[in-house]
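Below, in structure tokens: the form predicted alone, a single chain.
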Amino acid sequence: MATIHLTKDGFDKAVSQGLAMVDFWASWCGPCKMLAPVIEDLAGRYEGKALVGKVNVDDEPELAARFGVMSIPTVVFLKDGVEIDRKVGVMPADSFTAVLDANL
């Protein structure tokens, strides 16, 4: 499964139940491009267990501001709509799987 591209209109509904991992990124961001294959892989590995989404900060500045995203890539983890953790910068997959697995 590919990642889900989230917008402000459907964001709250998408992350309101269960575990979600949301990548805040931009098309011009080199580190975001480096992280993209990791996010795509996790979307497949956690299909049916966690929502893996992406928010383009250029298209959705309100969401970026709401979550206080100052640097990208920033990956925010939510459980039932509430932030439980975040990772900033390019990191290996196990940095993300540790949070996902601990909260499933």
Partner chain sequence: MYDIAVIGGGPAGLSAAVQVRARNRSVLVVSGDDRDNPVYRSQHIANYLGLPDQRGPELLARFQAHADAMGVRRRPGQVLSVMPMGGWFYLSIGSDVEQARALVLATGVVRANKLPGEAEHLGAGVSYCATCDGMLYRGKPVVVVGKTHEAPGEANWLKEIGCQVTYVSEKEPQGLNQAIPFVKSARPEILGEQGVTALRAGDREIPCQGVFILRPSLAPADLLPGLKLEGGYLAVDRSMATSVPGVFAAGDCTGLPLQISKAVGEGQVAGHRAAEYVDKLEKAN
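No experiment lies behind these values; they were computed from the predicted model shown. Positions refer to the first chain, counted from 1.
The same protein also has a form predicted together with its partner chain, omitted here; what follows describes it.
Interface residue remark: Gly30 is counted as part of the site for its partner chain in the model of the complex, having a heavy atom within 4.5 Å. Not displayed here, its partner chain is kept clear of Ile84 by more than 4.5 Å at the level of heavy atoms in the model of the complex. Taking the partner from elsewhere, Pro37 is found to have a heavy atom lying within 4.5 Å of its partner chain in the model of the complex. Though the partner is left out of this view, Ala43 does not reach within 4.5 Å of its partner chain in the model of the complex, counting heavy atoms only. Residues Val88, Val90, Met91, Pro92 are the ones in 75 to 97 with at least one heavy atom within 4.5 Å of its partner chain in the model of the complex, listed in sequence order.
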